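Starting off, we have a lone chain in the form predicted alone, written out as structure tokens.
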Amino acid sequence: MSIEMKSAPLVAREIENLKKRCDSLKAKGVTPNMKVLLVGENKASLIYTRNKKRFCEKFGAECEIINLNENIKEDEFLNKVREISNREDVHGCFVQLPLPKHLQHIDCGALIAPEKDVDGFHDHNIGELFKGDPKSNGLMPCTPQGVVNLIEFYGHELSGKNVVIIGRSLIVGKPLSLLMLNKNATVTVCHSRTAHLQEHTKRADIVVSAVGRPRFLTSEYLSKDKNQILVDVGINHDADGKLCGDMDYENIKDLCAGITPVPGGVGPLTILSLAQNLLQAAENSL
């Protein structure tokens, strides 16, 4: 019987751990403090940032959303990011994407001090991910870390498993492949130029899809033994405007050992990982 791998139980468990860690920091005179820079009034970004703020406040951290004018000049934007990043009372900082067109060429992760890069995309933190040292204090990319945490929460070992990741983005596919390699998985990264994709997915113990194509992964991509773990990172809308993932959930949910739903699967874990990075950054500052 297939297990629906929802994120809610993991979030509920970890929120208690976050509260304990936050209380411990406050006892030492440190209140975890995160700043979110939001440029413009993008509706989705407004929702995302408010959700992140509310989540941080649940366990006692401080989170401020700094709204910047959509038409802010590039030099003013750069100075503002650096100013916030350099403040001693700030432990975590990130720029909410997407940015207005005139700022989209900027590598925002490079503007933020690596020890405060709670998104986990500064070159230093990617380097730490690449090295794979378990004793590293590097901050890991949020969605990939959430995927690994969810798989392990449901009792699935990564060591020795064959993992297929569909998608090679800098945000999910590539960093996730490194995280899983560091867990001793054997990883295959597939993409739009991969020939015979079904041959790869059918051989996998774990399939992760992060390509942004509504319900493209059907039963034709799965093995017949029903033992696979399927992780859907896609957030899409179908022709009727209904929210859905990359996987044809209703038609494959009984053809595997475990599957993440959309919504309610990987999505909430991005914010959880962000919060975990904030506390790690605050602890590293002591």
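Please read these numbers as outputs of a predicted model, since none were measured by experiment. Sequential numbering from 1, following the sequence displayed.
Although not depicted, the form predicted together with ligand NAD is the subject of the following passage.
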Heavy atom within 4.5 Å of ligand NAD in the predicted bound form - residue from 148, 72, 171, 99: 171
Site test, 40, 67 and 79 vs ligand NAD in the predicted bound form, non-hydrogen atom cutoff 4.5 Å: no
Partner-facing stretch of 231-239, 251-259, 53-61, 22-30, counted where any non-hydrogen atom is within 4.5 angstroms of ligand NAD in the predicted bound form: 231-239
Interface membership of residue 84, ligand NAD in the predicted bound form, 4.5 Å heavy atom rule: no
Interface membership of residue 166, ligand NAD in the predicted bound form, 4.5 Å heavy atom rule: yes
Interface membership of residue 112, ligand NAD in the predicted bound form, 4.5 Å heavy atom rule: no
Touches ligand NAD in the predicted bound form: residue 104 (any heavy atom, 4.5 Å): no
Sequence-ordered residues of 179-198 touching ligand NAD in the predicted bound form, heavy atom within 4.5 Å: 191, 192, 197
